[in-house]
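First comes one chain, alone, set out as structure tokens in the form predicted alone.
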């Protein structure tokens, strides 16, 4: 991996936002809509429940913020690839001396920056609009965010590999893959709320342990070591598997010229 190459690739993507500011709307609009919807639902439920339940309902706002971190990290990888597809620049990138490691590292940086922008915005708005402070998790927030970034990057690599393998018709997977997992990810409800027959799926997803840990940390103020250990271990497995899948698919696509179908559509 070459730092100068990664730096150039990151700058290339950032210039898209400086030259076309309207692209920044996507970073703000949808996360803001999610926060407003779930935030006002929280207010409604608080006003129609007993004295013990309102504090737990605020977990919904924390879930919105943490879910968006993972989603933006995944989008940073998948949309980075699709930007080159839409601009007919894909072959130029991969005909240059850019290794898979260079390319992936630049997508990780973009994913991190996208997550940082939206999560900070949502966190500040949550404090002002709903008196919910995600930073009350204190230093526990750092491993939560780190694990969500790792899983988002893994999903981004899987999404990109599937798009390369199946062609332009599979571009919707860039948005669909995270939502395939969301019903089992325990984002807005605990794993125990799922049918017993599918709870094993939730336990196999790293982010479900993070959201369970978030609820535990906000409720008890205790570090959820078991949740963090499971999330980190699973993330390492997913990241390794996703990296292997991405590398093999890209190697095959270069050897067989499969990337050309993205410029001939």
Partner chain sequence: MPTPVLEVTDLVKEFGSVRSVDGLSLIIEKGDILGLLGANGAGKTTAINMILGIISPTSGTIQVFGRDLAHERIAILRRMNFSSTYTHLPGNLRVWQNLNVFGRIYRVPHLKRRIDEVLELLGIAQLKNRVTGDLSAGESTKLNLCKALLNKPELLLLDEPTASLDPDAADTVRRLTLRIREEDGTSILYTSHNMRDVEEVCDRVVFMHEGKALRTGTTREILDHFNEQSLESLFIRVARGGVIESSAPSSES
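Quick caveat, the model's predicted, so the values are computed rather than measured. Numbering follows the first chain given and starts at 1.
Omitted from view is the form predicted together with the partner chain, to which the following refers.
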Triplet 26, 82 and 245 all within 4.5 Å of the partner chain in the predicted complex via a heavy atom: no
Residue 172 within 4.5 Å of the partner chain in the predicted complex, heavy atoms: no
4.5 angstroms heavy atom contact with the partner chain in the predicted complex for residue 141: no
Residue 188: touches the partner chain in the predicted complex, heavy atom cutoff 4.5 angstroms: no
Interface membership of residue 195, the partner chain in the predicted complex, 4.5 Å heavy atom rule: no
Answer range among 155-163, 115-123, 98-106, 70-78 for contact with the partner chain, defined in the predicted complex as heavy atoms within 4.5 Å: 98-106
Heavy atom contacts to the partner chain in the predicted complex at 4.5 Å, residues of 178-214 in sequence order: none
